[in-house]
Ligand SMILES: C[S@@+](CC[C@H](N)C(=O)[O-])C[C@H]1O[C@@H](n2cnc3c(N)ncnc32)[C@H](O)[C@@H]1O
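The data below hold one chain only, encoded as structure tokens and taken in the form predicted on its own.
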């Protein structure tokens, strides 16, 4: 998954196990399982992003999946969006220490972030329900771009609940995929929601701000589909 950049992945995991814990981005109990439960859980999704694509990671926390993708796929252009100062400070420090040149960190809430140009993909891991995630991500996407969301076992229920939102945004397709079968147990569940050819970026969201957007929900903590970054442990 990381090839010649495995040393970067190892250094990143060392940062998570050190300052990631001391800064409260992940819980100390996660240290023994950072690789399989979090880093590999994200790395197996790398093949679902187009070559040389621009990717926005909403609610990036400790960089899962954003920093993992930046290491595994140096061709990608990553934008890590995170509202909390202590997390953006940590992310910026990690980017410098790892020498990553394909990453920019932005301190912003998802609904207020305005990219310089529409993204090819938006990704997120255990940030919020699929309906709200579509509302947050679709204004950031180009026509034909996609939301690639890492989800948990209740994905079918989330898709059903999001049906009105999916219709409102006239999505081209919604599919559930598994990544890392035979590599990580359980495999990573992805929901890929693709914008239609007539989609226009910048379309404002139509529902009021909800408390906890671009934050981990309490029930995402400790779940295999959640992120280590800020999530299971500290959101």
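Positions refer to the first chain, counted from 1. What you see is a predicted model, and the numbers here were worked out from it, not measured in a lab.
Omitted from view is the form predicted together with the ligand, to which the following refers.
- A heavy atom within 4.5 Å of the ligand in the model of the complex is found for one listed residue only; from 161, 100, 155, 108, this is 108.
- Residues with any non-hydrogen atom within 4.5 angstroms of the ligand in the model of the complex fall in just one of 46 to 54, 59 to 67, 28 to 36, 177 to 185: 59 to 67.
- Although the partner is absent from the chain shown here, 84, 87 and 126 each have a heavy atom within 4.5 Å of the ligand in the model of the complex.
- For the stretch 141 to 159, the set of residues having any non-hydrogen atom within 4.5 angstroms of the ligand in the model of the complex is empty.
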